[in-house]
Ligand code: PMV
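Just the one chain here, laid out as structure tokens, in the form predicted alone.
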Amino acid sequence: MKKIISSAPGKAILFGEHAVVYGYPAIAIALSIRSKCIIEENTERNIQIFLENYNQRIKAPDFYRLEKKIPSKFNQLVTGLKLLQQKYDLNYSSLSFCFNTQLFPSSGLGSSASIAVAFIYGLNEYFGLGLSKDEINNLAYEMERIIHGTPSGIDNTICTFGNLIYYKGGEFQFIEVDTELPLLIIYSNIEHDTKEAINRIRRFKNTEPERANSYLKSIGKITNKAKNHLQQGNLDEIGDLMNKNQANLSSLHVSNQTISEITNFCLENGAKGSKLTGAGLGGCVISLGDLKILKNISQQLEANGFKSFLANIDKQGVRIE
């Protein structure tokens, strides 16, 4: 029986979160931790979706009843099926779709985009549609709109193509990096709150515009410096800039006590740099350092109840396993 396994990397914001909303650049990295989509035939003559991370299975005799049964938080999967059905008149009966991800959900690591990209790529391979990566990316963006409204497109783009992206004013530029970038991604055990974080900075700008703008401008300068050091492979300088970026984010009131405790612990135990990644007020901390040191930090954090994973740059993007 035919079976396809596709996967796509997650993502983290290395530099520039929040400042990017106000016209400054940001740098995102594709992480070597992936989401998978398994597509195969089944013998029950129905459509099946299995969401492994949620231990949830949905079955329906046809696409339209599947659309009614699936929980709203997973509507992007129905959107993906619908987009390709309308364009290519595909038949999904007797197909099973299994999804799983190693990424922490609701933590700013692009899990929804990673799944969307893997899904479209898997369907492309299964049905032999011949879609280019640009077309995969555009379809995944349409799926992301179901969840995020008007996303920037950073997540689906980096999950599709891999590597690092420098983003400013709606324009993407890939950054070529020759060196390894050993990272530890630590979950704070708190879901990030994008809406509150954005509103918090907006309120700060309204009440103290000079201070708020100085922090945002500083983040912009840090991001541009980081781009150069990434291209040159200067890990010590990148780590130092991560710490400066974190200081500005803390001054913008989007960090919290737990994030500060994690970043301080990482730095005290030998990491070169440590900062929140994404919206803040929860979500994840990303730390840079020597692999042996990061492994030791990971073990100590695990003993204190914080899950983490080691990662590096994913340079492939979406692929068939």
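Don't overthink the numbering: it's just position in the shown sequence, from 1. Note that the coordinates shown come from a computational prediction; the quantities given were computed from them, not determined experimentally.
Unshown form predicted in complex with the named molecule; subsequent notes refer to it.
You can rule out all but one of 122-130, 211-219, 189-197, 77-85: in the predicted bound form, only 189-197 has residues with a heavy atom within 4.5 Å of the named molecule.
Although the partner is absent here, residue 278 sits close enough that one of its heavy atoms falls within 4.5 Å of the named molecule in the predicted bound form. Among heavy atoms of residue 297, none comes within 4.5 Å of the named molecule in the predicted bound form. In the predicted bound form, the named molecule stays beyond 4.5 Å of every heavy atom belonging to residue 301. Residue contact with the named molecule in the predicted bound form: residue 14 places no heavy atom within 4.5 Å of it. Contact annotation for 12-45: residues with any non-hydrogen atom within 4.5 angstroms of the named molecule in the predicted bound form are 13, 17, 18, 20, 21, listed in sequence order.
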